[in-house]
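Take a look at this single chain in structure tokens; it is the form predicted on its own.
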């Protein structure tokens, strides 16, 4: 499968990638609760991440030719795109360090977290990425109504994920004795989910900004801000692709 810019084809491709991600997530969960084979879960996470990076975050655009004058929209878009990816690369080291800390301190054990809630919030975030992709495709093709509708759905799903983690999972974890100040489980759990929740909150603010600007008719063929927000939002999803098995799935059979 290759990337495409035609509206109907892009929508169909977005659906296909979402189905792949859903099936892979179900496979990941099945492996965790049946055989607990960590290598398979890692491989599945890598495949999911590759799909998100190429088809939703469209990393291939970094290879686009950015000809034109230094002040042209095309040139600025190319440099902005590179700058965004460099920022995401630097940010990924923070999340990578958190994963290293998690395995160094907890090994193959895991915090006593709700499998059901973990799967639900993961599904919500994956679905939000699907609608974010549709919002970007819509504005690329001049569909302002479709853009606004899909951005609003993405916002709702993002807020739902945030409430699920911070409003439900955190109190549940505390009730299970997972305290940041009292045990290693708590320190790791709250650091990982707290850092990720902060990025989700930042993404929600960005979504509100592009929704407001889009409602004012500020985007046409020049819509890089929407692309930037989409890439950032998918990056948040990308991080959770690895955090989900690290916190909820690895070690589930031994708990």
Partner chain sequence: MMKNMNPVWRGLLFLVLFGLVGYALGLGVDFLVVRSLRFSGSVPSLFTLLLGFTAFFFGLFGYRGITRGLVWQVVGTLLGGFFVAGIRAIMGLSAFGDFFFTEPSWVFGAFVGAISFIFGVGAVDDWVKWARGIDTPEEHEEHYHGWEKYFAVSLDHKVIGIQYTVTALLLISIGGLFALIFRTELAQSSLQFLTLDMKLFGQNGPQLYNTLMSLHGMIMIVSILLGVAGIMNYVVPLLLGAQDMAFPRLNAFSFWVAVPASVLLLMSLVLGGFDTGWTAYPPLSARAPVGMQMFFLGVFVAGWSSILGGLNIVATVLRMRAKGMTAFRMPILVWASIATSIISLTATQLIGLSFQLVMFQRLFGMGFFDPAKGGNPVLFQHLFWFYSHPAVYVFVLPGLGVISELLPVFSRKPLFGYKWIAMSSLGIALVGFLVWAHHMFTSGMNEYLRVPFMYSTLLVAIPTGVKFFSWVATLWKGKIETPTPMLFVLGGIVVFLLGGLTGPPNATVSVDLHLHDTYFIVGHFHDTIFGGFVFPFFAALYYWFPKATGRRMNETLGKIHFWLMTPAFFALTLGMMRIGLLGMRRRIVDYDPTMGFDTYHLMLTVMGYLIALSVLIFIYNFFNSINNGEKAEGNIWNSRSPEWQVPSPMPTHNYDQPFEVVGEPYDYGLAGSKYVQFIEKKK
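Positions refer to the first chain, counted from 1. Everything numeric here is computed off the predicted structure, so don't read it as measured data.
We do not show the form predicted together with its partner chain, though everything after this point is about it.
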| Of the listed stretches (112-120, 95-103, 137-145, 157-165), which one has a non-hydrogen atom within 4.5 Å of its partner chain in the model of the complex? | 95-103
| task | Tell me, out of 35, 218, 26, 46, which residue has a non-hydrogen atom within 4.5 angstroms of its partner chain in the model of the complex. | result | 218
| query | Taking 180, 190 and 195 together, does each of them reach its partner chain in the model of the complex with some heavy atom inside 4.5 Å? | reply | yes
| request: Please run the contact check for residue 202 against its partner chain in the model of the complex: heavy atoms, 4.5 angstroms, yes or no? | output: no
| query | At the 4.5 Å heavy atom threshold, is residue 90 in contact with its partner chain in the model of the complex? | reply | yes
| task | Look up in the model of the complex whether residue 50 has a non-hydrogen atom within 4.5 angstroms of its partner chain, and give yes or no. | result | no
| message | Taking any heavy atom pair closer than or equal to 4.5 Å as contact, tell me whether residue 171 reaches its partner chain in the model of the complex. | response | no
| Going by its partner chain in the model of the complex, which residues of 202-216 come within 4.5 Å of it through any heavy atom? | 209, 212, 213, 216
